[in-house]
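The chain that follows stands alone, in the form predicted on its own, written as structure tokens.
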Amino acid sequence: MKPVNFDYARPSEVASAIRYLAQDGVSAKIIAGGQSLGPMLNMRLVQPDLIVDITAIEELRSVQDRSDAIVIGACVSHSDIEDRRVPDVTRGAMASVASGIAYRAVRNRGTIGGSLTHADPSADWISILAALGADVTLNGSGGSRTIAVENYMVGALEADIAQSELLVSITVPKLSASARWGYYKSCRKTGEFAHAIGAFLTDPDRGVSRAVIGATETRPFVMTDAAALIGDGRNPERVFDQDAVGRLCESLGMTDPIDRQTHVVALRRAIERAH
């Protein structure tokens, strides 16, 4: 099957892209890497009037290294992060996670902003960036706004983005020398989406302790003050409170006991593999 007919625009500036998106009566979709949108177009799951190609916008491929964070343009590819063309401020966390996304061909084309906006619960970036405490910035006809990554995804395949808005960047805090992180995903075979994800970050110098249960049926379960549940990631046998994490998952709607246990174990293994 092939897509329905659509118009195509390739602006070179963010403001121009927003003007295309804000047109009244026009159903527009943004394309960058196209790893998710391409198949959806071919299967006619989406039938837009207009495709706005944002790959010519230089700002969206830029990286800004600030004193306390790094700002990554939405069109930076997974392989850019994997190959460390983006400066590593996460003690290897983002590069490691990027290297496990699908296959190299996908990583060469797929973008970090596209992955977040597609909002697949089983995707990697939403979970690890929530653990790292990252924010996203959106520009639109009504101005600019910044929100936490875990709040950007509001449900399965649903992000907090208006028709006239464009995700322009992701801001990732720099980890201190004392930080420890872990990430684990359960997959039946290499390259497929995860069935369960566990991620955590402890950064004592910054007073941060976060844990994430990802690859749920909806947005990730994010624990923003997780010290009592996971400790500092150094001794999971004595510190990790498996029962408490399980009860938390159940209270958030994960009622199937096998599914719940799979996700609890994913977080435990993330801690066991702490870096």
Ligand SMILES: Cc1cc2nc3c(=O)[nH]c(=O)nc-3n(C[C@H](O)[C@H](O)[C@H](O)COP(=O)(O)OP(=O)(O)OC[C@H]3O[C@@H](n4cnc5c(N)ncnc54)[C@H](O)[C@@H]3O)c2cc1C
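Residue positions are given as counts along the sequence shown, with the first one as 1. These numbers come from a predicted model, not from an experiment.
Below, we refer to the form predicted together with the ligand, which is not included among the displayed structures.
Heavy atoms within 4.5 Å of the ligand in the model of the complex: which stretch among 128 to 136, 173 to 181, 201 to 209, 94 to 102?
Residues of 94 to 102 come within 4.5 Å of the partner.
Within 4.5 Å of the ligand in the model of the complex, heavy atoms considered, which of Ile161, Val86, Ala196, Val149?
Selected option: Ile161.
With the cut-off set at 4.5 Å between non-hydrogen atoms, does Gly33 touch the ligand in the model of the complex?
Gly33 belongs to the contact set for the ligand.
Would Val106 count as a contact of the ligand in the model of the complex, using a 4.5 angstroms cut-off between non-hydrogen atoms?
Yes, Val106 lies within 4.5 Å of the ligand in the model of the complex.
Decide whether Gly191 counts as a contact residue for the ligand in the model of the complex under a heavy atom distance cut-off of 4.5 Å.
The answer is yes: Gly191 has a heavy atom within 4.5 Å of the ligand.
Although the ligand is absent from this view, report whether Ile54 comes within 4.5 Å of it in the model of the complex, heavy atoms only.
Contact with the ligand, yes.
Kindly indicate whether Ser186, Val245 and Ala266 are, all three, within 4.5 angstroms of the ligand in the model of the complex, using heavy atoms.
No, none of the three is in contact.
Residues in 88 to 124 with any heavy atom within 4.5 Å of the ligand in the model of the complex
Contacting residues: Gly100, Ile101, Ala102, Tyr103, Val106, Arg109, Gly110, Thr111, Gly113, Gly114, Ser115, Thr117, His118, Ala123, Asp124.
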